[in-house]
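A single chain comes next, written as structure tokens; it is the form predicted alone.
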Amino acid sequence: MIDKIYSKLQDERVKRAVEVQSHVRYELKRFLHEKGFVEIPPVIISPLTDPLRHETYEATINYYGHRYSLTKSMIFHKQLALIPFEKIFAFSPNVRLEPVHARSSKRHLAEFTQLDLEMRDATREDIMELVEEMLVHVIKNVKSRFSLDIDVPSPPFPEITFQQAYSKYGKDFEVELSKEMDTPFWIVDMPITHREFYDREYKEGILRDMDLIYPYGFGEAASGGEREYRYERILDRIKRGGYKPEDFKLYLEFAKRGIPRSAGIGIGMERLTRFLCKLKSVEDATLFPKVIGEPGI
């Protein structure tokens, strides 16, 4: 293990990727501050975190009799942060203990950072337009600074519905489309069975959600959507999703008092760095990767 980590610390590709990511963070912050966003501190432990729809192992600690989870995403805290602020973002460390088969994707780590942003009274389209402008801004500035071999995409990015993609390519549609496309693109209108109760259902069984996918086989870049904000609808969705309302008692209490209507997205920083630097694996986008199934430091 020590030999592998020491070798990574001497790897020029990794050094360059970390330098690129450092400047990406700078450009993202600059862009969002100019758009009126407020940066909030990340939440590392909380009694409330994203339940996620896919399989993960729970990462919890007991502290003086209080149970805390390590943050899987800041989704609930983003919604609550919009009570005082109209636009917020955070560079949020996430811990997701995925099953070992996720490692083969080259896109998953047990620990990673998301740029999490949320806007009060925003629509899905507002967020998509913002992200497209932001990605173009970042690629232009980082490309010139580091002489990266990457094309600057032209908004608006193509949109494909989940049903269109699934009908044509089957369950692996994301992988196949990513290999086929030469520009970032959106998958929109996720079925309710594929996402969580906090995203807004606008047609029966269909959510106002979207995923941003990188081209050239790099896969998912970001995931987001419009949020459900009405207490009764949230409670109904929790029950329909097979969860126990008491497990989300704290969140439901806030919803009773009122949380803003909003939309937002989470963008993986290591995945963005991998795409910009054309890295084989996301583990080369960070100095101390927590590779699924391997010891780390």
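In case it trips you up, residue 1 is the first one in the sequence shown, and so on. The structure displayed is predicted, hence computed values, not measured ones.
Below, we refer to the form predicted together with a small molecule, which is not included among the displayed structures.
Residues placing heavy atoms within 4.5 Å of the small molecule in the predicted complex fall in a single listed stretch, namely 216-224, out of 158-166, 127-135, 183-191, 216-224.
Shown here without its partner, the chain carries Glu98, Gln114 and Arg271, all of which come within 4.5 Å of the small molecule in the predicted complex through at least one heavy atom. Of the heavy atoms in Leu109, some are within 4.5 Å of the small molecule in the predicted complex. The small molecule is not shown here, and in the predicted complex it never comes within 4.5 Å of any heavy atom of Leu32. The small molecule is not shown here, but in the predicted complex it comes within 4.5 Å of a heavy atom of Gly266.
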